[in-house]
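Single chain ahead, by itself, as structure tokens, in the form predicted on its own.
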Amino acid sequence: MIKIDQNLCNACGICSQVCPRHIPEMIDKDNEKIMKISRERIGLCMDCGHCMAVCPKDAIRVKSLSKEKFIEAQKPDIVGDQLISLFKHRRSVRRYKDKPVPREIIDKIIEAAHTSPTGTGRRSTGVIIIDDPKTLKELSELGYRTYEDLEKNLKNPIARFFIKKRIGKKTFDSLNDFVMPGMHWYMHWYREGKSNEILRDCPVLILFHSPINEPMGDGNCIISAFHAIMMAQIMGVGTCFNDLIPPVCNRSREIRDLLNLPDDREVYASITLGYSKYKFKRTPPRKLAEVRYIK
């Protein structure tokens, strides 16, 4: 439900322009322009809050959003070169000190994740934080068992056929040609007690999950995780995106039960987190494959 206070509204029309669905609309009433809410499109409201945030007269209220939680917009106290420097110096950390990360720091990292934008305006992304060593150890064991079962199934022609049919050729090729050759060694080293290359002995694991039927739910999770890793960088904590973890969280019944992950949700992004065991001395160059303008 959206309401416009006609005593405050000056009918500038800005709210209609920023609304993705143009739910506030300008009409003529008694030879005077006024703003009203479209009855035809009100059901399309995504609760994004743009209309409340942009209104110069503070004349709009969205029932699902608390006015008290809106803060005055301020110019960010950071310049472009500083942001580029932050991006350049951020590294994927895969080796961590045996040192816990204080929860007040984790909470600050999650605060950054809260600020992430979403593709639909809805705030449906959930976060699961695991910083208990016993739980991390149990998740690791279950994760390796899942990949061991997958390796066995991929050697069976009939099972391979159904796996490929279920996940599609692109994902299957990635799994078969990239993921499993490395995972073969990870499982070998884990069973020999040499290393844990799935969780890499991280002190904290953060999982980002979303409803299965949420439009752009996977993208929302990835963007939230990106906000988290950049805040972690500022807080002196290392992170690494880990694409090996979401599949086992979603496919293993035991892991889903361990996480208390509802059946209508899946994990789409995960980051390992902790204090880096080693200090990077240099920043390697990075460039996109292509950048061009179209005339």
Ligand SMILES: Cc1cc2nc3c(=O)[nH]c(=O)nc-3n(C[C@H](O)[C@H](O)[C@H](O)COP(=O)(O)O)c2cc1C
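Predicted model only: the values in this text are computed from it and were never measured. Note that residue numbering begins at 1 and tracks the sequence as displayed.
In what follows, reference is made to the form predicted in complex with the ligand, a form of this protein that is not presented.
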Using a 4.5 Å heavy atom cut-off, which of 161 to 169, 84 to 92, 124 to 132, 210 to 218 contacts the ligand in the model of the complex?
84 to 92
The one option of Asp243, Asp58, Asp257, Glu40 with any heavy atom within 4.5 Å of the ligand in the model of the complex is Asp243
Can you tell me if Arg200 lies within 4.5 angstroms of the ligand in the model of the complex, counting non-hydrogen atoms only?
yes
Given that the ligand is not shown alongside this chain, does Lys281 nevertheless sit within 4.5 Å of it in the model of the complex, heavy atom to heavy atom?
no
Consider Arg286 of the chain shown here, and say whether it contacts the ligand in the model of the complex, taking contact as heavy atoms within 4.5 Å.
yes
